[in-house]
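Quick heads-up: it's one chain on its own, the form predicted alone, in structure tokens.
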């Protein structure tokens, strides 16, 4: 059985959980207490030398990096509606998944960490404000994109799963989605997909 090393507060771990549920794949969830430093212990670093969750264990195959896990699962359990063999659609899925990791998560997820989890006297001066500028620029790009399409790549795919969690959680980092109506409609569309499971902690 597939094992997923996760934490309930992790948006990145939620990506893998959501896809596993939508693929109807049974798995064993193993909580790694990141607040107690379990992700830095030797037994975990053997699985992921980068000491981050999630980690997917499929037999003797170990996979880390949340968006890469999405591509692996979608390919392993293909055919399914969450990935495509068409080169252009596949390329578009990869494009938005990378945009999620290079532009959405570094700003929205980090702002959430600073605001929700880090004592305010430990937050670097001006850091949250800078993340808000960059994060709002990313949200504006998405809002403009969703004027034209319901999902990132025509149909719901792992690109949407890759980008959804930290956008859905961005209010915890001080962002206001009210100014991005198309993004909010997209969130509702994601939440209306088959076998969707909500982020809970």
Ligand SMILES: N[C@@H](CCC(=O)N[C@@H](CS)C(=O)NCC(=O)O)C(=O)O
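Residue numbers count along the first chain shown, from 1. Remember, predicted model here, so these are calculated numbers, not experimental data.
The protein also exists as the form predicted together with the named molecule; that form is not presented, and the subsequent description refers to it.
Participant: Report yes if any heavy atom of residue 54 sits within 4.5 Å of a heavy atom of the named molecule in the predicted bound form; otherwise report no.
Facilitator: Contact with the named molecule, yes.
Participant: Any chance residue 65 has a heavy atom within 4.5 Å of the named molecule in the predicted bound form?
Facilitator: Yes, residue 65 is a contact residue.
Participant: Against the named molecule in the predicted bound form, would residue 169 count as a contact residue? Criterion: heavy atoms within 4.5 Å.
Facilitator: Residue 169: no contact with the named molecule in the predicted bound form.
Participant: Check residue 47 for me: does it contact the named molecule in the predicted bound form (non-hydrogen atoms, 4.5 angstroms)?
Facilitator: Output for residue 47 is no: heavy atoms all beyond 4.5 Å of the named molecule.
Participant: Looking at 131-139, 147-155, 35-43, 171-179, which stretch has residues with any non-hydrogen atom within 4.5 Å of the named molecule in the predicted bound form?
Facilitator: Looking at the other structure, the answer is 35-43.
Participant: In sequence order, which positions of 114-140 have a non-hydrogen atom within 4.5 Å of the named molecule in the predicted bound form?
Facilitator: Contacts from 114-140: none.
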